[in-house]
Each structure stands twice: as C-alpha cells, then as structure tokens.
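What follows is a single chain, given as structure tokens, in the form predicted on its own.
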Amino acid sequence: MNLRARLTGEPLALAGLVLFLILLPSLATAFFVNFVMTQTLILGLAAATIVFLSRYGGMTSLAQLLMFGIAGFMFGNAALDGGARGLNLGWHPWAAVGFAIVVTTLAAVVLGAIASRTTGIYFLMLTLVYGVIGYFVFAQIVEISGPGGITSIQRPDLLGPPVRLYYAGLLLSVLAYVGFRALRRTAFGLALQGVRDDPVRMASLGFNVPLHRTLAFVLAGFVAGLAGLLNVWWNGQIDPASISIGPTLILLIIAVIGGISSLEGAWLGAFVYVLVFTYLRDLPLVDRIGITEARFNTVIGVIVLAIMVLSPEGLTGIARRLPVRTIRKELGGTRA
C-alpha cells in the first residue's frame, strides 16, 4: 500500500504545491513574492517551452527567448502613446495583448516552418541564428525599439497590484504544465514523440514530420510569448540586450539546471537561478573569496557543472532517484 501511494502521489504533490503557492503571499515577505517568486514563474514558464520541445519533439531550441521578446516589444509598441521610441499606437492594453500574441504566433509559424526541416545540431544552430537576427532587428530598427529599448510600459489595470502579477504567473504556469503533460497523451502528442524517436519511420507511415515539428514550435512560441508579456509587465521596460546571446543561453541553462527532460525542472531551475542571483551577494564572506556580482555567470557555470556531474538529468533527476532508492530498499526488505 505504501509503495502504491508513492507511485501515485504525483498529482497530490502537485495540488499541494499549488495550494502552498496560492497561500504564499500571506506567508512570505512582499519582496520574496513579488521579486523572487514572480521572476521564477516567468522564467520557468519560458524555460518550460524549451523542455517541451526537447522532451516531446527532440528539438533543442534557442529561439524561445526571441518569442519571449517579440511579445514584449509588440505590446510596448501597441500600448504606449507618445513614448520616446516605438510605434506608439496607443491601443487599449488588452488589444495590445492580442496584437502581441498574434505577431509572436505568426513569427513562430514562419520560423518553425523553416527550422522544422532540420534536426539535431543544425536545428540548434538555426534557432541560435534566429535569436541573433532578432537582437539586431530590435537594436537597429528605431521605429520599433532601437538600442535603448522601450520604457515606461504599464501593465493592465486588472494586474495593477504586484501580487496579481504573481498570481497571473502562477495561473499560466499551472495551465502550461498541465497542458503540456496532457498533450503527450493526445494523438498529436504521441505522433510528435514518434517523430522525436524515429522521423524516417513516421514519415514512411504517412505522418507529416515537418508539420508536427512546426506545430510544436508554434505552441512553444505562443507560451513563450505569454511569459514575455508577464516579463514586460514585471519589468516595465524591454530592450534588445534582454534578448541577446547571454540571456538566451541563461534560459537554456535554467532548463538544464532543473532537468531538460522534466517539465517541472523548468520552474525548479528558475527558482535556483533567481535565488542565487538575488541572495548570493548577501552571503557572509562571499566577497572575500572573490565572488562578486561581476562573476555571477562564473558561479552559475560552476553550479551547472556540479549538477551535470552529479546528475545529467538535473535537479529533478537527483530528486527522483531518492524515492526510487527508498522503494528498492523496501522491496529488498520485503523479499528478505
């Protein structure tokens, strides 16, 4: 009975975690909720799209931060009126949301259709090229951004108080997690996993391999766009540097820290990253051993290296091995 409870306890654990996160604003400080946890949910939602494409589609994409950024830039261009940069369309905030999501999704359709005909390292490098092109587009075309980006972006009145943005991030994160998990059992999800494992055989069976990859890329781009909207509301501004090579690799690192084969690892990796980024400098004696803010990326690199040595599956791989070992001991004791 105890073994069965361990093997079927995942939905209960998820429900318990969500309940805890719902109650968190009444248990923790405003800084922890509105800065650490809100940023964790935003980055985790974006990193989950990398995990989704890698786990179910066999595609490691470096273009997710570009989708993330396109949504933010398009919202800023549509919502602002009379700003120093951008189109300054002055639309209603929710109309600007729709515009941003539509443009992001269309961009994902075009880029996904091109990338879907490549695999492996070629897909990875092509999506990296997407990110580089996107950076220069927003950095050099001053009509939509320019080097300084777009500032003074206001979130919709419905999300005015910072805690509401936290709850919006939590809601979208839960929906994305449950949706991605449910998708794997659908006809499309099973076909996508078949494409991941053996695209040649799936093509011979009559499946349109590029179409399945494109649709997966579009879905991931849509979700990354939602994360990008949360991010621009949280930051109040967006600039091309936020979607450059450095942040692009950081998003991939977040997925790797948590476990790129595990959806929940996206949020776990984001939580660890934000914790280290926020509190490392406050640890006693840290500055005396040469760990400064300028060397933060070095610290992250050491953390990633240590995790990869201990578990190539990231922190979720370590967490999953612990109960398995306990179960094996129980089974061994029962047999004895």
Partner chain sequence: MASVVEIREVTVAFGGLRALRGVDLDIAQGERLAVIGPNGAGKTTLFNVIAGDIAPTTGTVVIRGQDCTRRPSRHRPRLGLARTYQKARAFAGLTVRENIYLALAGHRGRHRALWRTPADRAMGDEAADVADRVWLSGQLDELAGELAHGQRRQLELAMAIATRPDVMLLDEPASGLSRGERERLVELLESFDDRLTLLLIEHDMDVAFRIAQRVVVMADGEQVMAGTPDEVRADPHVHRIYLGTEAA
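Residue numbers count along the first chain shown, from 1. Keep in mind that what you see is a predicted model, and the values were worked out from it rather than measured.
Another form exists, predicted together with its partner chain; not displayed. Remarks below refer to it.
Judged by heavy atoms within 4.5 Å of its partner chain in the model of the complex, the contact stretch among the candidates 105 to 113, 71 to 79, 128 to 136, 189 to 197 is 189 to 197. Listed residues Leu87, Val97, Ile253, Met202 were compared with its partner chain in the model of the complex; Met202 is the one with a heavy atom within 4.5 Å.
Asn208 is the sole member of Ser261, Gln154, Gln140, Asn208 with a non-hydrogen atom lying within 4.5 angstroms of its partner chain in the model of the complex. Residue contact check for Leu159: none of its heavy atoms lie within 4.5 Å of its partner chain in the model of the complex. At the 4.5 Å threshold, heavy atoms of Leu124 stay clear of its partner chain in the model of the complex, well away from it. Not displayed here, its partner chain is kept clear of Arg213 by more than 4.5 Å at the level of heavy atoms in the model of the complex. Remark: Ile144 does not count among the residues lining its partner chain in the model of the complex, judged by a heavy atom distance of 4.5 Å or less.
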